[in-house]
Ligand code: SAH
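Read the single chain below, which is given as structure tokens and is the form predicted alone.
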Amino acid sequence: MNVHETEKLYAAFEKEGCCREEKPEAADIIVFNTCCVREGAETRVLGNLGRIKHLKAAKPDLIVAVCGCMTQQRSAAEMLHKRCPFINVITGTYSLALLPNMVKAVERGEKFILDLEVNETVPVGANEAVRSDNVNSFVNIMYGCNNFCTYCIVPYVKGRERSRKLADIVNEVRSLLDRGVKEITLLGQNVNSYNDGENDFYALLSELSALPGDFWIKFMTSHPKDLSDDVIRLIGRQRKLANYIHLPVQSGSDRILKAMNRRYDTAAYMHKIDMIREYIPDAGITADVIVGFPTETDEDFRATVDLVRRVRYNNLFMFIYSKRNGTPAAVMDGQISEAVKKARIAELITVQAKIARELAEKAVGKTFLALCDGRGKNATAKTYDDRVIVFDDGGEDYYNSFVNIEVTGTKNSKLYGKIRK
């Protein structure tokens, strides 16, 4: 999502006559678009700002701006201003489109601008972005989140859910398809709760999949409590909706899920998995898992490992729980030691790696329709269920084209193949 927000920032600045520079030392304006979902992202921001400090000292007219989720938190914004007084602009998630105006104010002589105004409406110009030449383009369909999982800072920095109008989304997707884009990824903190007042997520997917052309639609992220059976059935029968679902589980323990305020239990989650397997037999399923949530016992962790073994995810994004100030989980009793968290995630990584290797080996000898998103001897293509296959394009340009690739071998969980014409 941050990648797409950055595309929008490029568009906002290009409208003012700016152009991108590859090297920081050649720039007149440097913008850091931050994330605060996990501690590591905030740490990287501070490290990068430390490197810019010397550049700013050598080039006093350089304008440095920091925006995004991290700085929507007033405490974080004030900390940055205190630690990095050379920053010219700090703003949050609601005023990204106004950042060029803030920069102009600095150019007119203002020494520092802090704008953390909250405006929970669909952003003006939500479809304006500088797209790369990649085969995949991102399209925001909604903003914010209403779920308030106890570990998550997103509702506090992104605000409540609000959805773009269906017609605006369809028009944006149509324009991308006209440009030759073959894969569209719909974005939202919880896409399944999309509702513009007249249309829900099922209606949106139905409308998009009826557009003419040869393309795939993907989406993320889904919340298990809101992924409807009707949407699963629609994916199963509509070939323009890719057979890939990212369905975060976070824990295999019902007790921990309740403490996380996830509002489903493992039985409900497995019902969704069983539905997906029934109606989309070749679906690629991925998930997020948090290890070491407060009070997590060995028994709770074992339940997570058991669920992972049962589902057999194509890919699993595994994270050690880290405190996010301002969330209920940050002040819960029973915080888990770093040593225990690291041991548990190491075990889970080993379990998932074995599953991924086995799934890769089962793919050998099979031919997949895939969308080529790389060129050369180590070209890559992504399958309908979101697997990546490495192949030699033989000098032919298959980029942004659908190709048939036979999987001929694996290395760990990585797939290798050759073109079948």
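We number the residues from 1 along the sequence you see. Given the structure is predicted, the values throughout are model-derived calculations rather than measurements.
Beyond what is shown, the protein has a form predicted in complex with ligand SAH; the following relates to that form.
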Response to the item:
ligand SAH in the predicted complex has a heavy atom of only one listed residue within 4.5 Å, and of N136, S322, S206, Q73 that residue is S322
Item to complete: Go through K272, R164, R262, R344 and name the one with a heavy atom inside 4.5 Å of ligand SAH in the predicted complex.
Response: R262
Worksheet, complete the sentence: Within 4.5 Å of ligand SAH in the predicted complex by heavy atoms, the stretch out of 87 to 95, 230 to 238, 314 to 322, 346 to 354 is 314 to 322
Worksheet item: With a 4.5 Å heavy atom cut-off, would you call Q250 a contact of ligand SAH in the predicted complex?
Response: yes
Worksheet item: Taking heavy atoms only, is Y151 within 4.5 angstroms of ligand SAH in the predicted complex?
Response: yes
Worksheet item: Can V390 be called a contact residue for ligand SAH in the predicted complex at 4.5 Å between heavy atoms?
Response: no
Worksheet item: Is E117 a contact residue for ligand SAH in the predicted complex, using a 4.5 Å heavy atom cut-off?
Response: no
Worksheet item: Even though ligand SAH is not shown here, does it sit in the predicted complex so that N33, L99 and V157 each have a heavy atom within 4.5 Å?
Response: no
Fill in: Sequence-ordered residues of 172 to 192 touching ligand SAH in the predicted complex, heavy atom within 4.5 Å
Q189
